[in-house]
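Okay, so here's just one chain, in structure tokens, the form predicted alone.
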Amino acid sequence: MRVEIWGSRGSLASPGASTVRYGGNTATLLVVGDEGEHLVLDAGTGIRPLGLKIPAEVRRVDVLITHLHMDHLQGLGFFQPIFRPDLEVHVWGPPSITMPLSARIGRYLSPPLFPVTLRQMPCRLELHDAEPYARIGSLRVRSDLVCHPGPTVGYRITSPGGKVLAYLPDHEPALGVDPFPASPEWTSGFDLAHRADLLVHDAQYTDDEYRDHVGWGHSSIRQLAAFARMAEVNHVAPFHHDPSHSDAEVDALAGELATLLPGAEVLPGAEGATFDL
């Protein structure tokens, strides 16, 4: 199973000279399974360049969206595969008791915000509520609600060989927990992350920044360290970098995380990074 990062920024796309190394595109990952499955995690602005690289022989792509905030959805209408009539595109997203997924995504993919509606997409499009347990080809996909404003899920993807990616890009497990962490069974996201081979996780804030953003749905670098220790994860990619953070500031946060997790491998999420699990 190969994991590629195509967008790692949080909240707002932030291209520029100070974000060149980690990139300015918002959240998008590609997971390629051993049997050729193509799973796209989130539809941030990174999904546009990713879509241009989907091989012509691929006949199905699954887009797994964690939640419908714009930084995770904005790129969907610019994803070239949805304009391919020969392609099956399955879009998965957080369930809601008030409105189907198609209607919620359609609020963005419709005039006046976007000129093309979901119904007009030429691909063979199917929308699904994220299920607690699902299988996409040979990959097992688990989803669960996590702590973030609005319906939000995290994903745990397991290969046939038992390798695990845990993806929790927008996550505030420390909310209302003092001291953090509490017991695992009461910690948001624990079951998704436990003993994963790679944890891609929210690390938007410094400790000082977090004090001014409690309840916004994101984690500080120290909270990520505590969560990773609890989940017994030794390979961590801090993710969802704040749009105001330069490459140098992301470097400093990653260095702090490495100090807090001695013996663990810490490689901050950067556009172009690839992980073979």
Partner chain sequence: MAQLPVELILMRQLASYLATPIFLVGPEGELLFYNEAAEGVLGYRFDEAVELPLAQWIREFPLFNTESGEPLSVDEIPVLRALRERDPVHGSLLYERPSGERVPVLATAIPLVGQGGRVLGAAAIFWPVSGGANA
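Residue numbers count along the first chain shown, from 1. Computed from a prediction, not measured in an experiment: that's the story for all the values here.
Beyond what is shown, the protein has a form predicted in complex with the partner chain; the following relates to that form.
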- Message: Looking at heavy atoms inside 4.5 Å, which stretch does the partner chain contact in the predicted bound form, given the options 171 to 179, 201 to 209, 71 to 79, 118 to 126?
- Response: 171 to 179
- Heavy atom within 4.5 Å of the partner chain in the predicted bound form, from candidates 103, 134, 145, 113, belongs to 145
- Answer for residue 154 alone: is it within 4.5 Å of the partner chain in the predicted bound form, judged on heavy atom distances? no
- Tell me, yes or no, whether residue 96 is in contact with the partner chain in the predicted bound form, where a contact means a heavy atom of each within 4.5 Å. yes
- Item | is_contact(residue 160, the partner chain) in the predicted bound form, heavy atom dist at most 4.5 Å | no
- Is there any non-hydrogen atom of residue 191 lying within 4.5 Å of the partner chain in the predicted bound form? yes
